[in-house]
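First, one chain by itself: the form predicted alone, in structure tokens.
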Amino acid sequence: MSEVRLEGAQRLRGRVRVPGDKSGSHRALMLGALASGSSTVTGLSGGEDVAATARIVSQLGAEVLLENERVIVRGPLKGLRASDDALDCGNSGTSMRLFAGIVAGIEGRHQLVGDASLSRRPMDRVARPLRLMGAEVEGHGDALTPPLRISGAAPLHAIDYDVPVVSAQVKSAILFAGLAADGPTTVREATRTRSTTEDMLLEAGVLLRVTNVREGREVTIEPGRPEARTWRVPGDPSQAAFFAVLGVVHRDAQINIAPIDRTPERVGFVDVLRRMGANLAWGDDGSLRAETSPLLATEIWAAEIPSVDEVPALTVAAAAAHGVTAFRNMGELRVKESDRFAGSLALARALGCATWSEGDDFYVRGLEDSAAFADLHVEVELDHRMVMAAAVAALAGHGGTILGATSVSSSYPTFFEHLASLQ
């Protein structure tokens, strides 16, 4: 298992440009493949997760070409077709769930596989609506863990579906399947999740109606093919969150983060950190500046950060705060790349914090200052975000050793280089 040792930094200054938004990168490749003609993508994330998506769209019949800083995706005139080979999603849950929706509408047999971590993640939440639409979906056990075997149908049945578990990936899988349905498909979510899929479908000329309903959202999609177009992928806010936390918890830091996607459902971590007293400021261009700040404990609800991807970073902020921070309704953390519920608690304890949990809530009693962090020694289980959270804590405190650090390459291959550039 790979091991990285980081020493605590005395001073942090500089500017970082995080990779292109991973959510937007996946969807730009998929929409380009579903369209007829050539689409151009700039700012594409260079991580292994997005590379897996690029390989899969090629297997399904699209052409993917790299031209300098641009990626060209040519969708086949007659549409995508089933592949004779397994579609390997690697560590990417986004790839598996969204491709499940896409291949459900492609006649033939499809197999979606992943690495050891992805093969433990539940896919039943995607299978249920796809089965209602007429696709056959098989996996292992009641949770339908991968490999997934899907028999596609064309056309699929249009459905009206209430998503029982807050998930942008499930919503997106249904919307992609809806492109191949026999009528309008409606998806309802009780809590608004990231709107990347519906925003990009609209940009690609798909007929779509979006209505906010109280705290949730209703999306209705008409069947059809997206149009080929140019996609400019903004910086990834979920990656930016780690540098924002580093900037506010370190004892002497000023970090500027190049422009990122400011969609409200993607930047809830900024509001949380500001509520804790963080000195965070938006630039007119969507950049974000983070400076050293004394932090106070707060209450953080999953609905504020619907993907909960930023919780490991916010756990480090809680560890540096004064008082007890409560993380509410965080059960979804248990079915990420690793059990991030247990992992976040373990990280806080490794830093010297008292922690406890009750059901889907957990609590971190902060140490008031990152200077009080213990020297870390943590083992990370194939989870890039836990690697980044541990690295932020080590750099802000007295250093640390991270086992399993190479898993960061799934989303952010240059992460450690960017950390080093700030010192």
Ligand code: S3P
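Don't overthink the numbering: it's just position in the shown sequence, from 1. Computed from a predicted structure; not experimentally measured.
From this point on, the text means the form predicted in complex with the ligand, which you will not see here.
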Heavy atom contact within 4.5 Å of the ligand in the predicted bound form, the stretch among 74 to 82, 160 to 168, 349 to 357, 142 to 150: 160 to 168
Touches the ligand in the predicted bound form: residue 251 (any heavy atom, 4.5 Å): no
Exercise: residue 332 in contact with the ligand in the predicted bound form, heavy atom 4.5 Å: yes
Residue 194, heavy atom within 4.5 angstroms of the ligand in the predicted bound form: yes
4.5 Å heavy atom contact, residue 217 and the ligand in the predicted bound form: no
Option touching the ligand, based on a heavy atom within 4.5 Å in the predicted bound form, out of 120, 289, 336, 188: 336
Answer option from 293, 307, 111, 256, heavy atom within 4.5 Å of the ligand in the predicted bound form: 307
Sequence-ordered list of residues in 360 to 396 near the ligand in the predicted bound form, where near means a heavy atom within 4.5 Å: 385
